[in-house]
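Below you will find one chain, with nothing else, as structure tokens; this is the form predicted alone, and questions on how it binds or moves follow later.
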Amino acid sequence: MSRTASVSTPVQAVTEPAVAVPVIFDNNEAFVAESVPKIMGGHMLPRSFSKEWCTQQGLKEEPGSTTVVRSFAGLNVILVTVGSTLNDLDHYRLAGAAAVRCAGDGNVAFLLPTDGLDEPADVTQALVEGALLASYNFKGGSPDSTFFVVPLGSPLPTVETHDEVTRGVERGSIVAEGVNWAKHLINLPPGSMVPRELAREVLARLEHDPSMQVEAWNEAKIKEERLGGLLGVGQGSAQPTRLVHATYDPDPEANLPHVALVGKGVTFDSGGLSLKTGEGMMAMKTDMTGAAVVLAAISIASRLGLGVRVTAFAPMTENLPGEKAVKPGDVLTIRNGMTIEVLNTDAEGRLILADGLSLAVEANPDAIVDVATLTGAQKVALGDEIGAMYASTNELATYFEGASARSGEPLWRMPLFAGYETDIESDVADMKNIGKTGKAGSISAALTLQRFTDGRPWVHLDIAGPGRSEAVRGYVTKGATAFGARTIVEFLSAVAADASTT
């Protein structure tokens, strides 16, 4: 379904099939803001609802809880909980998602009381993100519809507040559309989303983004650029490798902060000769999530016009056990000249990321961020809702902790424990591509990647768990989640904002 968002008015709202009214809980009772009309489409709307009534109707304090006051003819009123505070951004994402799910395929108008909102634009952005992210449907086929945001105030919202809400709708729409684009790429069947097709899809989008330069390297170019890790992983597949290189630079004459993004783009991961089980391969079309995330992030940054320069590298390949596949014991030479002994061909992500990170270093950025569905160990440690975050500096860690809180994508900082460096030492190369079996696998992988960052400020996001969801959860849809894209956009926004004030 293609759902869009727009700003509307109370008069227009009551002509839609459904209106969503946010409620705040306090001491087990639900309260409606005074700025919400008391009569809508024939419904009398009280200012408060007792604990007993809420229990009978199934309306709970948890954000996103709903109950519907239905009409035989005309307006249905959706009461949706935003928790016990007016200013938690993720609560509004959950409320937006709940409202559109109650409305089904039709339009819905969300009444947004602005009195008491600290940041109306940010709240509106979160509300729209939740609604549009939850509306994503891979199969499509549903009619187009609109999520209307109706700013309210006492007696009316100010012009400034109305403009803030409008800006929030625009930003939320851009962010959600970019994330849904990434989700769609990841969800496509691996037979149709091979590396060259993925590169084509990316070029078709990014070539039209403002202040963007983008190119796709073919296999001949990749060989010329000495990307030995990427070529090695791709040896077992009949599909040629690709690498997408994109740069967003809104003001080439300005001294803008510069961030490099690197994303793992394995369009299907069989494990290579270290073959996965049949069950283990079922979701491996999602192993190109890192590439989709960083390319969505740079596209969103461009469309938002963020004041930061961004360079993205997305190596793309398949990991298959063909007759030319890399063998356990082989040694690959990465672009920067370092060598890696491949002892497990299913630990291929760090091999292609090593080339991507080497290219990122050469771009001379102020910070490097890489994203990958990298290790099963991450999922064991943190489950399928929390991403692992490794940061080489406390400053970058603080940035990402703040970005995570604003985006609603939870991250947990993991240790870059130097004591485990010996676990990846090799007798025949600079390092091997695995650590100790069954021990600290996510940390070992991060330590391997860190060797290719040249000591620059760097963040690694291992999103093997939250990169895919097995069920609908809040505004998260089943299948690909593109986890991390919104956090990176929040990080870039914070970097740009800080740079503009110095």
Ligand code: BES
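What you see is a predicted model, and the numbers here were worked out from it, not measured in a lab. Heads up: residue numbers just count along the shown sequence, starting at 1.
There is another form of the same protein, the form predicted together with this ligand; it is not shown, and what comes next is about it.
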Whether D287, N344 and L374 all lie within 4.5 angstroms of this ligand in the predicted bound form by heavy atom: yes
Quick check on this chain: which one of L447, V32, I434, C54 has a heavy atom within 4.5 Å of this ligand in the predicted bound form? I434
I need to confirm a contact call. Of K276, R196, R413, H162, which residue comes within 4.5 Å of this ligand in the predicted bound form, counting heavy atoms only? K276
Is the gap between K379 and this ligand in the predicted bound form 4.5 Å or less for some heavy atom pair? yes
Contact test in the predicted bound form: K183 vs this ligand, heavy atoms, 4.5 Å: no
Please determine whether E318 contacts this ligand in the predicted bound form, using a 4.5 Å cut-off between heavy atoms. no
Does the 4.5 Å heavy atom contact test between D370 and this ligand in the predicted bound form come out positive? no
Pick from 202-210, 86-94, 276-284, 236-244: which stretch has non-hydrogen atoms within 4.5 Å of this ligand in the predicted bound form? 276-284
Even though the chain is shown alone, can you say which residues of 257-276 have a heavy atom within 4.5 Å of this ligand in the predicted bound form? K264, D269, K276
